[in-house]
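Here we start with a single chain on its own, the form predicted alone, put down as structure tokens.
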């Protein structure tokens, strides 16, 4: 089901991942795939383009998107989504901004780290205090004691990532229940970004936070097909509110505050959620296989670099603190590989994120280049 695209094809397509560097650099940074999209999504896009009309979003599609998403969530995770409490927005970060701005209580925001950098950037840009809580090394796992201490000290929101980016951890139902109960006790609004939820690896079960939250809880779950089905440029995401009043608040906002979804994104999302399971399953298998191969190749050729075990996503989180170079990201680029060295929060120095949503040949070439003398990654 996966059609790997050539370097030339990807460069000509003009996506951000392949547009930043010279053609001889393998881009393994931003979360885009090097695969053609699912056939059903491609068909919808081509049919839409044939109409030669690119207007504002067709809001009549709202019900179809919500139904497709809810049916997908039930089929894949056994999650019962109340369709009456689902709103459409442009992307999950827009949904996070809306939730923090309009339904989460005022106060500091707890952010477990490492974490997807926009969590930190956007929250601080909104003028909210950020309390970074470093995860515990074992597994790794959430530091519930530190989260509770922050909540007891007036923090009013918690940003979750399920599955976790960049660690690839899938939080268990028991862990989510602990977070829910803690949030209830202190009046904390939990915002769970679940954009990577469809990308759990074969044999790994996922519990959506929507499955543990109840009507009285302060909670928002964010979901989108765009990441898992490789269509981040097609804007459409779902915002699930635990409380009917929160949904009403968000849904009643002036359109200028929530208008970044598109007709094409909504139609593509419907096709992804309803007709693309086989393609998604092939991507899940490829992601797990590439991560296993990457980890084994690192152990063989760069034993000073360790890779965090994962259960989901096509991302790898690597510890490069023992490599010889003072700037491992620059060393990787000198060897012809661009990695992600953004600020992932407190306790993440000496770590880089690697995108493995590519062909097995490129994964092998990434490790070959990183282990070359040109990169400076070998310990002296």
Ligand SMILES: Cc1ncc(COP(=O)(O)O)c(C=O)c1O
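None of the values given here were measured: they were computed from a predicted structure. Residue numbers count along the first chain shown, from 1.
The next section is about a form of this same protein that is not shown, the form predicted together with the ligand.
Comment: the ligand is not present in this chain, but in the model of the complex one of 218, 169, 291, 196 has a heavy atom within 4.5 Å of it, namely 196. Proximity to the ligand in the model of the complex, defined as a heavy atom within 4.5 Å, holds among 68, 318, 31, 40 only for 31. With the partner left out here, the ligand still marks one of 89-97, 239-247, 169-177, 274-282 in the model of the complex; by a 4.5 Å heavy atom cut-off that stretch is 89-97. Shown alone here, residue 295 lies farther than 4.5 Å from the ligand in the model of the complex, counting heavy atoms only. By the criterion of a heavy atom within 4.5 Å, residue 229 is excluded from the residues contacting the ligand in the model of the complex. In the model of the complex, the ligand sits within 4.5 Å of a heavy atom belonging to residue 119. Proximity of residue 155 to the ligand in the model of the complex falls outside the 4.5 Å heavy atom cutoff.
Scanning 142-169 for heavy atoms within 4.5 Å of the ligand in the model of the complex gives 161, 165 in sequence order.
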